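Quick heads-up: it's one chain on its own, the form predicted alone, in structure tokens.
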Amino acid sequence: MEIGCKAEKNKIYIFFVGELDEYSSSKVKQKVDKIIDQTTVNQSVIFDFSQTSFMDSTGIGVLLGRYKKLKKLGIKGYVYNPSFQVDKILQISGIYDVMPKYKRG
């Protein structure tokens, strides 16, 4: 799993490349927390899953944990462009009830 980020105006895009599963979850948590802790953005963080080929329940837990962290900081979190497989997992988990999809405008 590779993780990247890009700042754009009052948004930070965090990119996940590969599989977000039990094996990669610890590394992902640490890296994403570091990105969030170092950010001065106060509007939103967009989690880009367009290059994520697989996600399991551990990945859902990682995402929910980062969402809770953002919420405490007053920052909105969004899911962006999930692959078909990842979108299906996110729908089944009910994540969209708390973290909506981001629509680029």
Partner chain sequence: MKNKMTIKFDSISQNESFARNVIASFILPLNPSVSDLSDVKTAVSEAVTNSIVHGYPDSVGEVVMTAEISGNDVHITIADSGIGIDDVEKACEPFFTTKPDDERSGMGFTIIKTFMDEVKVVSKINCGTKIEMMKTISKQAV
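Numbering follows the first chain given and starts at 1. This one's a predicted model, so the numbers in the text were calculated from it and none came from an experiment.
A second form of this protein, the form predicted together with its partner chain, is not displayed here; the remarks below concern that form.
Contact label in the predicted complex: Gln43 to its partner chain, heavy atom within 4.5 Å:
Because no heavy atom of Gln43 falls inside 4.5 Å of its partner chain in the predicted complex, the answer is no.
Is the gap between Tyr78 and its partner chain in the predicted complex 4.5 Å or less for some heavy atom pair?
Tyr78: no, not in contact with its partner chain in the predicted complex.
Would you please decide whether Gln85 lies within 4.5 angstroms of its partner chain in the predicted complex, comparing each non-hydrogen atom pair?
Yes - in the predicted complex, heavy atoms of Gln85 and its partner chain come within 4.5 Å of each other.
With the partner left out of view, is Tyr96 within 4.5 angstroms of its partner chain in the predicted complex by any non-hydrogen atom?
No, no contact at 4.5 Å.
For the heavy atom contacts within 4.5 Å of its partner chain in the predicted complex, list the residues of 3-33 involved, in sequence order.
Heavy-atom contacts to its partner chain in the predicted complex: Glu19, Asp21, Glu22, Tyr23, Lys29.
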